[in-house]
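Form predicted alone, single chain, as structure tokens, below.
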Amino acid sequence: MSSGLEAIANELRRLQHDGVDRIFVEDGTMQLIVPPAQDPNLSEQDKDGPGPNLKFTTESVATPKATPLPEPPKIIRPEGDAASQLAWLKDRVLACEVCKDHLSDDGKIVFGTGSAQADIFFCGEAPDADEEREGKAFIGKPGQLLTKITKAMGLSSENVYTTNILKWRPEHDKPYGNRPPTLDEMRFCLPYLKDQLKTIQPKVIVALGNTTVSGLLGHDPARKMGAIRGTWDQFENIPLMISFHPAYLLRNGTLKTKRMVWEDMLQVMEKCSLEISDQKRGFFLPKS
């Protein structure tokens, strides 16, 4: 049995021992499970998998609907202060016919939330179900975690701005879950994001997750999140800190990953000349 298949089988046996009798398996995992099962050189034990009592529900990863998109919009901003320009842009985005065409029946366009004078601009990839339902960015569990992070930094939601590149929740062919936005989808909404940045003029952008980084900096198959996380880049001549998406922390909330994100935030705080106490510098370190 291959190491990947063996690891999956061991995890399934553990779940079965814990009383789990039904699981959802994504396509990436199924590619490890199904092709080897067709290999005539596998033993009958390997073909049988973890046990007869654990049922596989082979749900594939949500896939996008093939809807062609027009050219990205051109934004001509009116004169005015930051608050009035941001309000104008919000009305412009909420009236966007392309954005509206991609909403679910009860979905809403998600523009962004926070201060028009924010120093720190948190950027995700696309709204999730909670955000689409309420029309507000980062209000679900990932958003609640992001709020805890900003509070630990000594900030409130009024001191930061949070938004996504894509202004609608990506459609897919499943009744549940989310899918990442495509590069074309993010490309369409990028002028809206750029105008948000031009209006707010933050000191730092925090790119949350690898999909967001691809939407901002362009796709690079060699780019790995583990290598670029915690590093600086630039977007629209603004310093860009690359960090994990809060949703990743919810799935992998170890002390190590929390500390990694916190070190990213310490760099952001230093870039924005925010006060950092010894206590803050010590957050999420192993207890001696």
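Fair warning: this is a prediction, and the values are worked out from it, not measured in the lab. In this text, residue numbers run from 1 along the sequence as written.
Omitted from view is the form predicted together with uracil, to which the following refers.
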Given that the partner is absent here, does G215 sit within 4.5 Å of uracil in the predicted bound form, heavy atoms only? no
Any chance R229 has a heavy atom within 4.5 Å of uracil in the predicted bound form? no
is_contact(E185, uracil) in the predicted bound form, heavy atom dist at most 4.5 Å: no
Does F138 reach uracil in the predicted bound form, with heavy atoms at most 4.5 Å apart? yes
Among 124 to 132, 153 to 161, 68 to 76, 111 to 119, the region lying within 4.5 Å of uracil in the predicted bound form by heavy atom distance: 124 to 132
Heavy atom within 4.5 Å of uracil in the predicted bound form: which residues of 184 to 221 qualify? none
